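Given next, in structure tokens, is a single chain: the form predicted alone.
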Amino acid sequence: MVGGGILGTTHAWQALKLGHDVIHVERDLLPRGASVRNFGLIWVSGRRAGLELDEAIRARLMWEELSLEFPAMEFNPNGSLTLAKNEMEVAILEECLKKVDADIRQWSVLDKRETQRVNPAVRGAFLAALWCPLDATVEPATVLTSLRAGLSKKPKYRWRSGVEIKSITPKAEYVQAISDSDEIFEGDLLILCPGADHQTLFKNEFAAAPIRQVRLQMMSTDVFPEKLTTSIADGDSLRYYPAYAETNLATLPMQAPIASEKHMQLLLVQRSDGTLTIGDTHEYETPFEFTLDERPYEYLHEVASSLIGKTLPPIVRRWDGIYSQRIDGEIVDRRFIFPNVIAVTGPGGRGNSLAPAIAEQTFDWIQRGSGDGI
């Protein structure tokens, strides 16, 4: 297994469940990629109807299974509230309840008083909320380390960090991976989960794949003194999540200019230490800027404060992240590079939410001997 992000780690877990010996290799000494630069959301409510929603619900069950197997992992089945600020957004929420899969998603629309029963800290400028109790979170800062600590207790798992793989060579009956220090790793099958790195290994194959890089900006505030019992989204998320694509989105008012320019929505999660993770933006055109634009941070902090009903604590950390995304709407890019080398990447912003189910599907896919693509 090459790649220590959430996809690589859940693939390692799945391989162990199936009885395989696993050597798990990662180039960074500590997690640094998109798996720790996110909200930690396990997001069911906004997923596309059909296969994506099915995998999201399956993954939600698997995250709960993981939390029972690895109790140190901070899994929080807190649900989410998508807050509507105006009557047009409320109408979209009501329209959502008419979808054939509304019951599967466990959606309900709450008025302001009902919303505050679910999350008493939300007292700001909103009219109603879409409640999805299926949504959950994990802690991005600790989920990988806690999972690997648990996996490392298993005799068939071997973890190596700080190891850069420079070449992968298939042999007749095995595959060989060689590190930049010429250490050799061998196995029957190699699964590569490179995240947004489409350049280091198999550059030509990734260049031809229907994937792209997406950059986002996020932030963390100082400790918020109240308990937010749910994750929070604003009405702009209705424009971006595919679950809402078949509603009458044309009736929504224009976004704020900065929100439109940066393809923004508000997502807000309280971490276990009381701080708030807030985002996010979406940038699609490479090469990306190396600087952080301050305007989205100011705007999102203001929007979040208006919905909560009080000025939030100051921003204490800012960062960006880059993830890999399929550009054709498919869930993930999963392909045989060689008969015994498989690459899995491209889940986009669904990576944390769907990772366990994606890993499970990979091994089903291997058994079927599928060709290129998903």
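Everything quoted here is computed from the prediction, not taken from an experiment. In case it trips you up, residue 1 is the first one in the sequence shown, and so on.
There is another form of the same protein, the form predicted in complex with a small molecule; it is not shown, and what comes next is about it.
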Discussion item. Please identify, from 64-72, 33-41, 334-342, 50-58, the stretch that has a heavy atom within 4.5 Å of the small molecule in the predicted bound form.
Written reply: 33-41
Worksheet item: Does Pro347 make contact with the small molecule in the predicted bound form, using a 4.5 Å heavy atom cut-off?
Response: yes
Worksheet item: Asp197: heavy atom within 4.5 Å of the small molecule in the predicted bound form?
Response: yes
Discussion item. Is it the case that Leu93, even though its partner is missing from this view, gets within 4.5 Å of the small molecule in the predicted bound form, heavy atoms only?
Written reply: no
Worksheet entry | Proximity of Val25 to the small molecule in the predicted bound form, heavy atoms at 4.5 Å | yes
Discussion item. If the criterion is a non-hydrogen atom within 4.5 angstroms, does every one of Gly5, Gly8 and Tyr323 touch the small molecule in the predicted bound form?
Written reply: yes
Worksheet entry | Interface residue in the predicted bound form among Ala243, Leu216, Ala84, Ile191, criterion: non-hydrogen atom within 4.5 angstroms of the small molecule | Leu216
Worksheet item: Given that the small molecule is left out here, which of Glu261, Glu226, Glu298, Glu164 has a heavy atom within 4.5 Å of it in the predicted bound form?
Response: Glu164
